[in-house]
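This document starts with one chain, in the form predicted on its own, laid out as structure tokens.
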């Protein structure tokens, strides 16, 4: 069958990987013409979303487009396959690339950032790698694109080229490469030795291999900690360290691609490599699930101590990512469904918060929460959108995060884990306090010394449009979550 622009479904999957690379080439060629360079970025991001969206109908109807790219080793091909969970991630990443590009135009110009062409180039390459992660057909392909994503985001983390940025880059590469090579690669090799394959298969590939509960538990732990982009403690330091990068990079790391590639990979491995029935039967997740639970609480507590807004949001992300990991490790229908939906719900909520943080820095030149008293009176759109994003992260209506957290709660009850339900409830209360403190100070407290915010206005228009769109999307996802629910229903029903 042919779809958008006459592309067959397998070729559309390939196009999703190649279009951002083509866009990166245009950015490089138009580097001396900023308006055209940024138009190329917006055009390419829009085209990518349309191509990914064209796969939604066929996948919902049961199609699983597949395309072999290469076979460097016999029996270990690099190939793309579009399945519901991967398509959900690709839809999130491709749609958010559009609004992040729009936001970046206002931010990068308003903040007078240097090396803007390099920024847009590597951002595009990172999206290409994220598409490869989303459509990976086996563990070998996933590892290839996962490592590519790490390497191509390094120049973004070190964008400012200061000593602090270089130090953050070393931490970023050091943790992500060491965990993936020492743990994740070892787990992939071990999986191949047990199952004779590394393909992603509904129901998993480890059942019937004779793997004991102890072996399964060790192997699962290697994946959870080896996929360092999921930021499960103690392998989380790279994420707050990377906050030295420009705010659009923070949005890429926290919402669009990087950490979502991590938790997506954990979820995909649990569903298609282990199989959630195998995890339940062997008790493989009985211990490692508490590492995710501890990360949820500890990261929330650390967030309380941070006065720097981006640092607080970074630790909030670490906490929220482990909601998804916990959902995967619950290994039941509601947990997996809630974890998959939280990939999207958290992405739109958290990107709104980071867009708000960047807007505050560009317009008011303030980065500390203690400096934001009264700012909501001169920046009502920014702080209004921030409030909506915070509601989604907390998990209360009318924002989309309410649905994913509801299903995760049902998952803990289905697993008979009342203690884990308590973890989710306590974390939500902590999140409520440390996030809502910010708009409350902005709207209801007077500026320090009783002085007004003379001269402070809203951020550039493109940035305001972007953060308004993502805030509205968070509300729309509460009112219309059906597409996400349908895709995840196919995952748990496969």
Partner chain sequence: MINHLPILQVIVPLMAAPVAALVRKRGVAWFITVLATWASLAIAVLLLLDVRDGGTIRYALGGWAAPWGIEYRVDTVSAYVLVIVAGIGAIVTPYALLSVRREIGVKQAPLFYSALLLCLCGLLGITITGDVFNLFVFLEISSISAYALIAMGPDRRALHAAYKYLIMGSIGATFIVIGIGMMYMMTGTLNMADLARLLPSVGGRTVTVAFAFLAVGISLKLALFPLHQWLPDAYAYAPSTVTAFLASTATKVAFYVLLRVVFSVFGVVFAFETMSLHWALLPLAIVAVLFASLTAVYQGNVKRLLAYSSVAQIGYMILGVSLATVTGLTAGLLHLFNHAVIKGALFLAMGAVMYRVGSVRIEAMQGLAKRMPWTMAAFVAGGFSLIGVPLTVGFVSKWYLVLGAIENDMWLVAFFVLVGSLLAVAYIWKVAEAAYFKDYIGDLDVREAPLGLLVPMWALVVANFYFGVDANLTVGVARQAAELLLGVGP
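Residue numbers count along the first chain shown, from 1. Predicted model only: the values in this text are computed from it and were never measured.
The next section is about a form of this same protein that is not shown, the form predicted together with the partner chain.
When the partner chain is considered in the model of the complex, residue 71 lines it closely, a heavy atom lying within 4.5 Å. Interface residue remark: residue 158 is counted as part of the site for the partner chain in the model of the complex, having a heavy atom within 4.5 Å.
In the model of the complex, none of the heavy atoms of residue 305 sits within 4.5 Å of a heavy atom of the partner chain. The partner chain is not shown here, but in the model of the complex it comes within 4.5 Å of a heavy atom of residue 188. When contacts are defined as a non-hydrogen atom within 4.5 Å, all of 140, 151 and 182 contact the partner chain in the model of the complex. Only one listed stretch (164-172, 389-397, 333-341, 291-299) carries heavy atoms within 4.5 Å of the partner chain in the model of the complex, and that stretch is 164-172. For the options 209, 280, 178, 117, the one in contact with the partner chain in the model of the complex, meaning a heavy atom within 4.5 Å, is 178. Distance criterion of 4.5 Å from any heavy atom to the partner chain in the model of the complex singles out 76 from the list 402, 413, 422, 76.
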